[in-house]
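A single chain, nothing else alongside it, follows as C-alpha cells in the form predicted alone.
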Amino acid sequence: MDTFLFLLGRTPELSVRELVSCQLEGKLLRDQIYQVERDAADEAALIEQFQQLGGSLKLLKVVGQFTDLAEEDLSKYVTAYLAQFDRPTFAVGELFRETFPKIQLTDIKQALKEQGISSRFIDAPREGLSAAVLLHQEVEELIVIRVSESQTLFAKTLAVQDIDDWTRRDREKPYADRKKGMLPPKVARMMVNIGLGELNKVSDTAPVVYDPFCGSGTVLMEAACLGATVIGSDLDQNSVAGSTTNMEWLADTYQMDVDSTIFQADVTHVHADQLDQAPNLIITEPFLGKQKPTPHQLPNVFRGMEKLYLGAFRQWRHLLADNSIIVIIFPLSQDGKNNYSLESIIDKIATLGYTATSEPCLYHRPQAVIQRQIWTFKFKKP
C-alpha cells in the first residue's frame, strides 16, 4: 500500500467531511494534512478523484519516511531523491518546520552538479509552490513534512487544484449579483460532494439536485459538472434569468449536456408539479439577510430567517421521497457578547422527518458578521 496526502484548504473540517463522503477514509495527520492508504495501482484513479474535490489543494504521494532525521542529512536525502531525474527542474516545500533553517536549494543544485546532473530550481514560499506555477510548468516538487519530533515525511506533488478552472466558473460566468453575497464555487462543490456521498449511503437512484434559493446558479453548476440532473428556483426573477444564462454558458464553455430546470417560486409555495421530477437531494444556501447587519439588527434578522427556514422545511416534505438528503447552510453570528443561530429549529424540524446526520461544519470569511454552518439532514416521512 502507498501513502497519499491531501493538503486541505482553509476549512479543514469541511474538507475532511468531503473526503469521507467521497469514500476517501483516512486520518488527519496534522492540521491541514489528511492521509489515506491506497494500492499503487489506484494512483491514476485517485488523481482523477482529487480533481473532483472542492476542498483539497494538493495531492501528494509519500516517497520517504524517516525517524530522527538529522538536519545535516536532510539535503543529502533531497539530493538523492532528485538525482533519479534527468535534468530536473525542482522545488522544495517545507511544512511544520518554521523553527528550522530553510533548505538551501543552491546547495542541492551544487550537489547534483557534482554528480554530473544538470538542474534548475524554482524558489518558492516555505510551504511550496502555488497551483498557478505547478499548473503551467513542469516541476518536480518535493514537500518535506515534519510530522513530529521523531518523524519526517518526504512527499512528491502528484496533482494540484485547477485554479484556472475554478476562476473561470467563479468570475467568467455572465451573471452575478455580489450585493446578495455569493457562495464560492469550491464551497458549493464540497456541499455537492457531501450530499452525493450521503445519498449513496441510502439510495442507488440517480441524483436529482434541487436548489430552491438558486441565486446565480453556483450549486446547480457544480452539481451539473458532476453529472447530476439539476433543478433550481428563486423568488427573484433576475436570479432565475441569470441562473438560466449561467447554465447555458456552462454547457457551451465545457461542451457538456446539462439537464436543468429553473423557475420562479417562493420556497414556501413550491409544488411538485412545478418540478420535472422529484428531487432526492436539496443543496442550498438560503437568503441570509443583509451581508453586514448591525448588532441591534441581528435579533430581527434571525427571527425572519427562522420563519423562512421553518416554512421551507415544511414545504419540502411535499417534494421529497423517503431517504432524501438535504445539505443546507444555516446562519450563525458570534460577536463575543451575543450569539445568534437557528439551532433552535433542529428539534422542530425533527418532528417533520428531518434528522441531522452529523454535527455542522463552520465556514466563513474573515471578519464576516454572518457566518455559515453547513448542516446535513436525512428526510424520512413521519
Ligand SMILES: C[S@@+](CC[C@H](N)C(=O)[O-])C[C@H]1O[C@@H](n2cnc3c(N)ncnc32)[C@H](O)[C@@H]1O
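All residue numbers refer to positions in the sequence shown, first residue = 1. Being a predicted model, the structure only gives us computed values, none of them experimental.
One more form of this protein exists, namely the form predicted together with this ligand; it is left out here, but the text below deals with it.
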Kindly indicate whether Pro212, Asp266 and Glu285 are, all three, within 4.5 angstroms of this ligand in the predicted complex, using heavy atoms. yes
Among the candidate stretches 127-135, 114-122, 292-300, 216-224, which one is within 4.5 Å of this ligand in the predicted complex when only heavy atoms are counted? 216-224
In this chain shown alone, the residue from Leu153, Leu308, Val139, Leu74 with a heavy atom within 4.5 Å of this ligand in the predicted complex is Leu308
Exactly one of Val258, Val208, Ile262, Leu183 comes within 4.5 Å of this ligand in the predicted complex through a heavy atom, and that residue is Leu183
Considering non-hydrogen atoms and a 4.5 Å limit, does this ligand approach Ser239 in the predicted complex? yes
Val202 near this ligand in the predicted complex, any heavy atom under 4.5 Å? no
Determine whether any heavy atom of Leu235 comes within 4.5 Å of a heavy atom of this ligand in the predicted complex, and answer yes or no. yes
